[in-house]
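First comes one chain, alone, set out as structure tokens in the form predicted on its own.
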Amino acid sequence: MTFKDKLLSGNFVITAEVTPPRGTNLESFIKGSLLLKDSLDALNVTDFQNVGVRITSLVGSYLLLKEGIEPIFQITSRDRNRVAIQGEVLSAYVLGIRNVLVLTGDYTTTGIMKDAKPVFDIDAINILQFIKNLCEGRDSAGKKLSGAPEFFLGAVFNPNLEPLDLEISKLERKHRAGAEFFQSQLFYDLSLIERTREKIKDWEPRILAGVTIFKSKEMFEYMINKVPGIKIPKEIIEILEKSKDIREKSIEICAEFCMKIKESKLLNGIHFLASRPVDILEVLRLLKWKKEESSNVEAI
């Protein structure tokens, strides 16, 4: 079954993001991705993560496909206008890529290349609408396509933002524009998802919960201070700050929260953000997770 088939049939799925290399050496990217191949349902390939120069998400997704790994191709509007976005999406389909996650993208001032000029010709909702048009055989200028793609479209959802009702409204607009699944920002409060479910009555969004494993104190401090839209509870911050081994404690906290996520039945899966493959596998080991049991996940 594909990632789409699993999610639409009600399976609890697990995905993770991987970052294309900064340079032409592919060894670490491929090796790390292959470590996750037999344990996860799909891998997101980030799009110029942290505003840094890297191999593109399109090429990274294609490389994963060649290795037998199902990719989720990420695309943002920060670095491309509507022409480039639609052209790259069509190219992805020709290369065999079927899952697309759409984001507006963070401002360049939040990342490495702060002086880069952002594009933001359109936002995530526009991108979804444009891709939906492509799937119906026309581009955003109304030109008829010779052959139309067919994608499983996703978008992001941040339950940490306030007011939550505004973010829920965006989630609904993204759904109407074509998004069939959502991956969330890192969060720790399940009541936010409960409130979201209560607000949406006429459909059930398929949401994968964003979780992460802090590999070091530096990463922990960076995520708290530099990454927009993240909210970590005070008690977890205190536990991690006092721990002798922040990675080990973070794996423990992540595994416990993943267990709560599964037991809550509020979410449709887990999405590992900015986590090393070896650490993800350690969390899955604690959860006794096996990919082939994704339709019968009593073990998690």
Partner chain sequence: MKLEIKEWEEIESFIGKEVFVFSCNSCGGEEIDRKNIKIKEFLEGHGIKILGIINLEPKYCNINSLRKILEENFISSNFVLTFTCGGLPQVLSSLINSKVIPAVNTLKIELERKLGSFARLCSACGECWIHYVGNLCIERLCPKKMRNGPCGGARDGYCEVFRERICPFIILFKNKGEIKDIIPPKKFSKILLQE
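Numbering follows the first chain given and starts at 1. Quick caveat, the model's predicted, so the values are computed rather than measured.
From this point on, the text means the form predicted together with the partner chain, which you will not see here.
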With the partner left out here, check for me: in the model of the complex, does some heavy atom of F130 sit within 4.5 Å of the partner chain? yes
Classify L90 as contacting or not contacting the partner chain in the model of the complex by the rule of any non-hydrogen atom within 4.5 angstroms, answering yes or no. no
Tell me, yes or no, whether P163 is in contact with the partner chain in the model of the complex, where a contact means a heavy atom of each within 4.5 Å. yes
May I ask you to state whether I200 is within 4.5 Å of the partner chain in the model of the complex, using heavy atom distances? no
Taking the partner chain in the model of the complex as the reference, which of V83, A148, M113, I224 has a non-hydrogen atom within 4.5 Å? I224
Exactly one of I125, L192, L134, L95 comes within 4.5 Å of the partner chain in the model of the complex through a heavy atom, and that residue is I125
Counting only non-hydrogen atoms, which stretch in 41-49, 60-68, 228-236, 266-274 is within 4.5 Å of the partner chain in the model of the complex? 228-236
Could you list the residues in 168-203 that come within 4.5 Å of the partner chain in the model of the complex, counting only heavy atoms and keeping sequence order? S169, K170, R173, R176, A177, K199
